[in-house]
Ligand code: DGL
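Below, in structure tokens: the form predicted alone, a single chain.
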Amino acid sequence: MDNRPIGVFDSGVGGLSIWRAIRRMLPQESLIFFADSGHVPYGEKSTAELHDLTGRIAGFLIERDVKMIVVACNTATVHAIGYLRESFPEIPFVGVVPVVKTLARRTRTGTIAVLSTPATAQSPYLAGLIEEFAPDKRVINVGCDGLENMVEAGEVGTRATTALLERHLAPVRGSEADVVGLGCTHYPFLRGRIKRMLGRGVHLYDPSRPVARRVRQLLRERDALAANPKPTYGFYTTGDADVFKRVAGRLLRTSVRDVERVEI
């Protein structure tokens, strides 16, 4: 048993979709969530910049005695998780990647689609996943510029977000894709709208529950599951704490407290 908290971080509020899944699956675990909103979006940063930012965030979380760090960001996982594991070998890291393997298994038409940030869409990592798990599939790979920022601002139901979704989903709607992977942790908060736009015949997959299961598996293997009767939830952001409270509360549909603004 290990009652120390799990650290979870993202470029902003998107990783709360992972945080929410972990909280539901492991209700006795304390959690620390770090939103690097002062440097969002990660999808437009270089690998060197991502190494620097994520390394500082990991150091911040380790100083708060976390027992594990979840990189709740596709872009940071793709570009930095190897660096983090080498830099902090004493701490287990769990990342999040596009669910290409699942899509390839579930498609009936042979056409799959992945929605992600431009950085993830263009990354060699995603290309490798497609080559390994979907070499015989037609892949609609869409880099959704601007969508992460809309969720970050809490604008999940605006006309501007609708217009962006219409543009980014056009190549999917014009294809035979029957399975779609949400390759950015911000996108599950748009799941209902994406589903309505694509129709009943298209199934959406996101990695939040698989990541939570992986967290549970690793903790079990290490005999490190918690038994907190009253787990704690702390939030840190490099952005505006009041904005984080408002947007996070809107996305999670509950009040969010104990938010502290920090510099890294």
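Residue positions are given as counts along the sequence shown, with the first one as 1. All values reported here derive from a predicted model rather than from experimental measurement.
What comes next is about the form predicted in complex with this ligand, which does not appear here.
Of the candidate stretches 238 to 246, 21 to 29, 252 to 260, 8 to 16, only 8 to 16 has residues whose heavy atoms lie within 4.5 Å of this ligand in the predicted complex. A residue is said to contact a partner when one of its heavy atoms sits within 4.5 Å of a partner heavy atom; residue 34 fails this definition for this ligand in the predicted complex, lying far away.
Residue contact check for residue 40: one or more of its heavy atoms lie within 4.5 Å of this ligand in the predicted complex. Interface residue remark: residue 184 is counted as part of the site for this ligand in the predicted complex, having a heavy atom within 4.5 Å.
Not displayed here, this ligand is approached by residue 73 to within 4.5 Å at the level of heavy atoms in the predicted complex.
Contacts of stretch 134 to 158 with this ligand in the predicted complex, defined by any heavy atom lying within 4.5 Å, are made by 148 alone.
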